[in-house]
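Presented below, as structure tokens, is a lone chain in the form predicted alone.
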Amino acid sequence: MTSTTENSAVGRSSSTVTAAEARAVAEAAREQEWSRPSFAKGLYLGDFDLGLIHPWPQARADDVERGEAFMTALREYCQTMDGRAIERDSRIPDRHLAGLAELGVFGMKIPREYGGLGLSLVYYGRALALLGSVHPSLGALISAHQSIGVPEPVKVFGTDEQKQQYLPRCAAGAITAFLLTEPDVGSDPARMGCTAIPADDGGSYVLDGVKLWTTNGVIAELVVVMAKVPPYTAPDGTEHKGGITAFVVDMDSPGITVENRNAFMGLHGIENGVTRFHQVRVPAANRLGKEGQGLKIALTTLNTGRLSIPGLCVAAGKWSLKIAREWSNARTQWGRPVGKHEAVGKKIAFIAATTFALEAVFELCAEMADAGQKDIRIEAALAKLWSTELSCQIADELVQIRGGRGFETADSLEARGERAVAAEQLFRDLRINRIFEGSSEIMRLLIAREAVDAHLAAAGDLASADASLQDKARAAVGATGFYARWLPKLVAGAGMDPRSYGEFGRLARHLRYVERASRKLARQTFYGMGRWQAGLEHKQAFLGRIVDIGAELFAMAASCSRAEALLRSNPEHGAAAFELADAYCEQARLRVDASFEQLWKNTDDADHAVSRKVLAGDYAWLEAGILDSSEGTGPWIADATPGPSARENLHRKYRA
């Protein structure tokens, strides 16, 4: 096969890709069809359809029985693991990996016909939460392997032969990883530099490039690699467009080097590195899907994979609540336990109410995913965004409640004879969740794109900066018809009737608020569309607030539904669940009201002007008074001393 040169985002150097081309690549990979209903999408359009999430989805009895049996066995094994040792050594011991493999942990989501456990997503998330409570690196290891590593894309996109070849191996304990990010490419895959050149024989590809932050990549046996196939002409004369393509690669292949095991502020046991591919020959049979389908495979995999992070956030909330309760009862200040002082009590209330909501959001999304009847791509993205933001706030409040002991390490506390509570470690470990598998900023843009999809479709060329005046005029006629039908629906709804949602008792008023706020949110989005049209995509702060409002409304609805379900299934906890849901909704309503006000009353334009001047160097004088890299090596200055010229191969293997 011979390569050809094309002036395209795929065929050109990463540095020459334009913004329009980058958007086109991302848009082409986006799943644009909505064949199943979506509760969250409706929220953004002013259509609050509670029937899509209530009554609470019910799991199959067989899934519950197998899931509970597995959780019992996993809990017993977790009690034998040493999370403190993982933190001190920055390594998960091989004996732990072997024990987890024996339990079937590496095959929790893999169907039973391929040697996996075939657990539901609900129990998979609960298992991650349990493992994460031992040490978050365990949750990261399993999540990177099962949620986005080889098992998930092969299960969804693989051929029968690929499933038979890889899934049993993964279920038995062959650790896997997902390789997308590059040193100069994060959330903009159009600039990908890793290439897969078709070989002349048509039976393989030659892989070259570097992948960064490869979680599990240091110890992985199999990896999914995203690489760019250039346009080419096949031996039979067929023209191929190429594109970003997914490959399953065996890490034993010649030409693969793990150049570094990265170290981070948190997740000290994570096996994350830099992986280089030099002339690595990959059989064509290892390609997942078609050429050019790789980004779609990656995004589809991440849709479900993102639910693993909310599961881990639930564990963080539960642990924080336990520590906050115990410490606030035991610690006395001014004659009373600190928890009985209002300033601390409000923090405890926030932790408790938010932890209830965290569990409600995760369990609802997981139950809906297991049922398979709803489109949950927005719900999963919202769960990831909202859970990571709120859990970090919980950790921050826990550190504050603990005071100096919250800032002190567990080892130091123990050395002084006190209980070894790793609050500062929790704070560090949770921070990455707002960055990986889609940073909060990127998540808001992705969700906003889906949320305003109906507006963009209706507006057509009105929302295109490149459209002619004639095209915009035609688009305006079509948009007028859409909005003439849609806007009247936003005037009134069930939220205005004090009798609505009466079966929820004291929580009914919160659901009426959600319904009213949903219609208000849709109106505000319409106003933004009308004001900025094609420029709306650049109003990222505005869109971010739109997304955050929808996330809180979703969490409120999930909390109310969860509380009502618990009242029916577990009356002992049902009344307490109502109290927690009520508390969360009261807190969330204040945040929603503030975000609505900030949609139009904000400092966005002024902040934008300041940031541009900072980037231009206009305020560089403000940086005077510190050491820079040319003057020394202060605490925040990197040591410029060059490292060894020879790259150390840190690749170590693990076999179950």
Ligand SMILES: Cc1cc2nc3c(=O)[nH]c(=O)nc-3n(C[C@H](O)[C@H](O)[C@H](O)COP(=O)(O)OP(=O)(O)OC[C@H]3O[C@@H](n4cnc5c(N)ncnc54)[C@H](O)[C@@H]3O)c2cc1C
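The structure displayed is predicted, hence computed values, not measured ones. The first residue of the sequence shown is number 1, and the count goes up from there.
We do not show the form predicted in complex with the named molecule, though everything after this point is about it.
Distance criterion of 4.5 Å from any heavy atom to the named molecule in the predicted bound form singles out Phe436 from the list Tyr77, Phe436, Trp532, Phe482. Shown without its partner, this chain lists Ser328, Asn303, Asn286, Asn272 as candidates; in the predicted bound form, only Asn272 has a non-hydrogen atom within 4.5 angstroms of the named molecule.
Only one segment in the set 209-217, 496-504, 124-132, 328-336 has residues whose heavy atoms sit within 4.5 Å of the named molecule in the predicted bound form; it is 209-217.
Using a 4.5 angstroms threshold between heavy atoms, Thr181 counts as touching the named molecule in the predicted bound form.
Contact annotation for Ala298: none of its heavy atoms lies within 4.5 Å of the named molecule in the predicted bound form. Contact check for Glu441: a non-hydrogen atom falls within 4.5 Å of the named molecule in the predicted bound form.
A residue is said to contact a partner when one of its heavy atoms sits within 4.5 Å of a partner heavy atom; Ser90 fails this definition for the named molecule in the predicted bound form, lying far away. Taken together, the three residues Trp56, Gln393 and Cys560 lack any non-hydrogen atom within 4.5 angstroms of the named molecule in the predicted bound form.
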